[in-house]
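Shown next as structure tokens: one chain only, the form predicted alone.
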């Protein structure tokens, strides 16, 4: 292997793939990044066996070859090199010789044959989605997935393809987020569960553009691959199991509805959370009865108390309900809407948050029982 690449391009590629490097593994090769010449360039690959990321770097290839090198060492070294000169790489046995301007180094690696095989985007896309649309949808859903491995299925995001629509749903024991988006290509109905961590890493790669991303479901239905035209692939394992029927839990009616400015409610909840953090992180929302009024957001603890008002348009009965402040903050800071509707059916029933004028997103939060 002998090639030359631009330092900026190589550094960018290593930044993308290094997120998939295994931090702790009994297999030393999983702490490495695979360097392989391919398609008149250098293909970088990293994996932790849950996700794998590949990135194609254009370059001048004089001789083909492959090697794996320690990811952190190689990334830190390349990032520190000057940006102007090209980087020359040459494989010498199990060592990569790197030269850039007045600097050179020898970095020992592990044979490429020991690196796990990562699928490529050779299959026909299952469908395509706008990168910007998918990135926004993932932000509105993934935060609600469970982090506790006690129920592995809840650490994933249900992904249902149906015609030209894709529904994403995540839930833990206290909340549910559901977002439906449009796909660029219709597809037969199929359902998979993708680890939320995989979607989080995909979000870091997606651009705020309408350029499409290809979604490819492996024939064995055990992996899904996301392909970007920029030469980036992310492949993720899928989670086996039956995702809970969240639709049975979604409230179908309410006795109180309050429409508020999302930013104002978020500000009030954040201020109350400073007090609430000293007492189980509970904030209370007091909603008056019919009419234009204000929703009171309060918190009380041994350290003090707090009260804030949020202008609201209210329909239905007045009620008071308590929520975990962090759960409220999570949804309010991730939903991209000027106004949200809060639907309630009393202090012990789940609260429902919907963006005003957007029927394709719903978030459900379980209330907190309080002494008063």
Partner chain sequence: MPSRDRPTILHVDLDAFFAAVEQRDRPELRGRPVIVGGGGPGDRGVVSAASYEARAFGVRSAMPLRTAGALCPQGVFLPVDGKKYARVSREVMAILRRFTPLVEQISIDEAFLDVAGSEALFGDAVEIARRIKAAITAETGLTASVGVSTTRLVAKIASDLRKPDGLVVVPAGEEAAFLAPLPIWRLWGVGEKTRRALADYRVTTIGDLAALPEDVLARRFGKMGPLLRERARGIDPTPVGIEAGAKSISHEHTFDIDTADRETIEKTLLSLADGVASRLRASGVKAGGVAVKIRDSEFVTITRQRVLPDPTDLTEEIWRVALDLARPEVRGMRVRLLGVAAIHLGATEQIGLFEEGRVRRHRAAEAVDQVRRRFGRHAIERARLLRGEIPDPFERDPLSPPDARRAGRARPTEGGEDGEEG
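Quick caveat: nothing in here was measured; it's all calculated off a predicted structure. Residue numbers count along the first chain shown, from 1.
The form predicted together with the partner chain is left out here; the points below concern that form.
This chain is drawn without the partner chain; in the predicted bound form, the residue among 193, 168, 154, 224 with a heavy atom within 4.5 Å of it is 154.
Think of it this way: in the predicted bound form, the partner chain has a heavy atom of just one of 79, 209, 289, 173 within 4.5 Å, and the residue is 173. When contacts are judged by a 4.5 Å heavy atom cut-off, residue 37 does not count as touching the partner chain in the predicted bound form. For the chain shown alone, residue 348 is a contact residue for the partner chain in the predicted bound form, at least one non-hydrogen atom being within 4.5 angstroms.
Taking the partner from the other structure, the partner chain in the predicted bound form has no heavy atom within 4.5 Å of any heavy atom of residue 231.
Contact annotation: residue 119 falls outside 4.5 Å of the partner chain in the predicted bound form, judged by heavy atom distances. Against the partner chain in the predicted bound form, the set 249, 327 and 366 is in full contact: each member has a heavy atom within 4.5 Å. Between 128 to 136, 253 to 261, 183 to 191, 274 to 282, the stretch whose residues reach within 4.5 angstroms of the partner chain in the predicted bound form through a non-hydrogen atom is 274 to 282.
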